[in-house]
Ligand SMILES: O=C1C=CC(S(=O)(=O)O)=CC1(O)O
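The data below hold one chain only, encoded as C-alpha cells and taken in the form predicted on its own.
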C-alpha cells in the first residue's frame, strides 16, 4: 500500500437539514456559531477560535442526513497522497476542484471502507479568528470543532482502518470476553478526532464542539430552558468517564445529535497510555453513574454516499452495549472489587 495521507485533525462536517431557518435558529441563535457565508440553500458556520472558512455546513435537502465528514491534511501534496492511497485501497474516489465546497480548496472525496463519505483537503479560505472578540461572545461561546462520532458494526475492523491511517487509540470499552463496544482515536493531541460506536452502520452518532468552560455548557441549558425548548436536551449535562470531558448532548430540529464538550486531556506524547473501560462499569459513560437514555444508544443520523443517496445499513452481529448493560447501565457495577454493588432504588436502571 502507498503511504497514507498525513491527517492533522477533523475539520468540518456537512449536514443536510430539511428546514434551513429552523437549523439557523438552533446553530446560530442558540449555540452562537458564527455565520461565515450564507446562500439560499446553505449556511457556512464556524466557532470563535477557528480561522478556516467553516467547520460546519448546513445544506437544505429533503431528507436529514450527514453528507460529509472532512479531515484536514498537512499540505497540498498530502491531498495527492490521499488520492493515491484510497485508489490503491479500492474504494470509490473523486477528485474535486477548489470551490466544490465554498471556502475549501482542491480535495479528495471518498466512500471509506466503513461506508462514510469523507473528504481530505488542505487549502482553505482564511477568515477572521474571533478569539478575543469578547464583544461578540455569548455566555455559551463555542471555541472549535472537536470530534466526530460514527456508528459502525465492527469496531475492531474500523479501529484497524483508522490506525492504518495514522490515528492512535486513546480509550476503549470492552468486556472480559474481548468484545469491543467503542473506541476513541486521535490525530490532534486530545482524546479523539473520531470515536467508533458499535451498532448498525454506517451512521453518524454525533458531531462535537468544544467550549473552554463548564459554565458555558450550563448556560446553553439555561438558554434552552428559557426558550422553552428543553426537549432538545437529550442527555446531560454531566461528566464522561471515558475522556473525562464535561458534556451535553442536544438534538437539532432534524434530530442530528450535537455534543458540547470541554475538559478532556492531552494525548500528544508518543507513549500516551490507552485507557480501557469494562462495559459493565457504570461510570464509563457518565462519571457520576447517571444512566444513559436509550435513544443515545439506538438513534443516529443517516449518511449519504457521494451521489447523495442514503447508505444501506449493515447490522452489528456482536453484542450491543445497550443490551449488556441492562436498564441503561443500572445493573452493572460501580466498584469492581464488589461482586454486587448495593442496589439504590432511586437510580434509574435499578428499578424493575
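Small disclaimer: the values here were computed from a predicted structure and weren't measured. Positions refer to the first chain, counted from 1.
Although it is not shown, the form predicted together with the named molecule is what the next lines describe.
Participant: Could you superimpose the pocket C-alphas so that the named molecule sits on this ligand-free chain as it does in the predicted bound form, and then tell me whether the site is open or blocked by the 2.4 Å backbone/C-beta test with a threshold of 3 atoms?
Facilitator: Output flag = open.
Participant: Mind checking whether each of 206, 235 and 240 has a heavy atom within 4.5 Å of the named molecule in the predicted bound form?
Facilitator: Heavy-atom distance to the named molecule in the predicted bound form: all three under 4.5 Å.
Participant: Since exactly one of 73, 110, 195, 250 fits, which has a heavy atom within 4.5 Å of the named molecule in the predicted bound form?
Facilitator: It is 195.
Participant: Considering 131, 149, 159, 272, which brings a non-hydrogen atom within 4.5 Å of the named molecule in the predicted bound form?
Facilitator: None of the other options qualify; the answer is 149.
Participant: Does residue 181 reach the named molecule in the predicted bound form if we count a contact as any heavy atom within 4.5 Å?
Facilitator: Residue 181: no, not in contact with the named molecule in the predicted bound form.
Participant: At the 4.5 Å heavy atom threshold, is residue 261 in contact with the named molecule in the predicted bound form?
Facilitator: Output for residue 261 is yes: heavy atoms within 4.5 Å of the named molecule.
Participant: Quick one: does residue 46 come within 4.5 Å of the named molecule in the predicted bound form, counting heavy atoms only?
Facilitator: Although the named molecule is absent here, residue 46 would stay clear of it in the predicted bound form, with no heavy atoms inside 4.5 Å.
Participant: Is residue 285 one of the residues lying within 4.5 Å of the named molecule in the predicted bound form, judged by heavy atom distances?
Facilitator: Residue-level check for residue 285: yes, a contact with the named molecule.
Participant: Please name which of the stretches 133-141, 100-108, 78-86, 277-285 has residues with heavy atoms lying within 4.5 Å of the named molecule in the predicted bound form.
Facilitator: It is 277-285 that comes within 4.5 Å of the partner.
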